[in-house]
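Okay, so here's just one chain, in structure tokens, the form predicted alone.
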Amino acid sequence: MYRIAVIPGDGTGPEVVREGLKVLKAVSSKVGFKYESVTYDFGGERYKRTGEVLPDSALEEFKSFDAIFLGAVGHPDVKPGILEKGLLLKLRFGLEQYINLRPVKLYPGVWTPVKDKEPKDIDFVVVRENNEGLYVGEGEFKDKGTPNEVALQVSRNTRRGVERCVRYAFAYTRKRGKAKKLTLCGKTNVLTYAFDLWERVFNEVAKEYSDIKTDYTHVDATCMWMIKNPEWFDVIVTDNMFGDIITDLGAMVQGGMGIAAGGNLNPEGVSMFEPIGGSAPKYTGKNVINPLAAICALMMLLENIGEEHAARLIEGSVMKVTKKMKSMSAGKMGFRTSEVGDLVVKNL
């Protein structure tokens, strides 16, 4: 019996989560595992009503679950940063979800803006450190509001944090078993403290994985090669900020936010899975948003808790459904949100 916490969240989040849960119910029946889901109303509406984002008691409660399924965070009536920091970052940091895992995979029938590339060319994964770097929120202003103002933002990288991320990336590359190549993405020529640490740790851990090919690219070069030759990449490991940037580029390479899913992982604890596209409030309630990113996030969730057969069934179904869709964009799919979920269930 798996216990799954569900946070539908804001905007179109509840709509895509509904389709994800529809698929979960179908695949659990087909494969033969049991689960219970508990829904939490954390998000913009609750914050507006109570002034509460995520109480510490709820954070502790989440530790008793096998996984968290998140819809979206972001409300037009709530100041930017309140929900993102108080809910998303609090979950990632409080539950030590120190890996952000982002598959970048082009499915059949999905249009990519990268000319002449096919599904065989776009199939790599970004492993992003998720608890450190510039996102720790350390910094200060000096002489704020004056002509001499200085804004200082600290990128904090610890040996422990870097090493556990790098070790996860090597182990993941081996398990993935594709090209068995791991690329470190950084900026060693400018960020000579942070990426000196990253490079040293990367090279040390590499000695324990003689079967894994390694290379290094600056982050700006990584962005260029993701467009020109995405087939060069197998697994990329990088820090929090660079990971945030290149995974959004990856989402476009694989056909847009409508198909992009990700996981915030604590390999020793509870992990959280979500569509990448955000709350998209202008589409709320119109039944036009693409739920495939949420369904793919559910696929990642099942794989993470050990139901790999169920995950592969979902992916196989998604690959059949994408061939039938006109577009991955909201309102242009050729199907309603609920119809896409029904198609995935039908094709399991």
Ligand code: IPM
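Residue positions are given as counts along the sequence shown, with the first one as 1. Just so you know, these numbers come straight off a predicted model, no measurement behind them.
Although it is not shown, the form predicted in complex with the ligand is what the next lines describe.
- Only one of 115 to 123, 208 to 216, 152 to 160, 128 to 136 lies within 4.5 Å of the ligand in the predicted complex by heavy atoms, and it is 128 to 136.
- By the 4.5 Å heavy atom rule, the three marked residues R92, D244 and E274 all count as contacting the ligand in the predicted complex.
- Note on contacts: among V270, L88, V201, V104, the single residue with a heavy atom within 4.5 Å of the ligand in the predicted complex is L88.
- The contact residue chosen from D196, E231, E96, E84 relative to the ligand in the predicted complex is E84, the criterion being a non-hydrogen atom within 4.5 angstroms.
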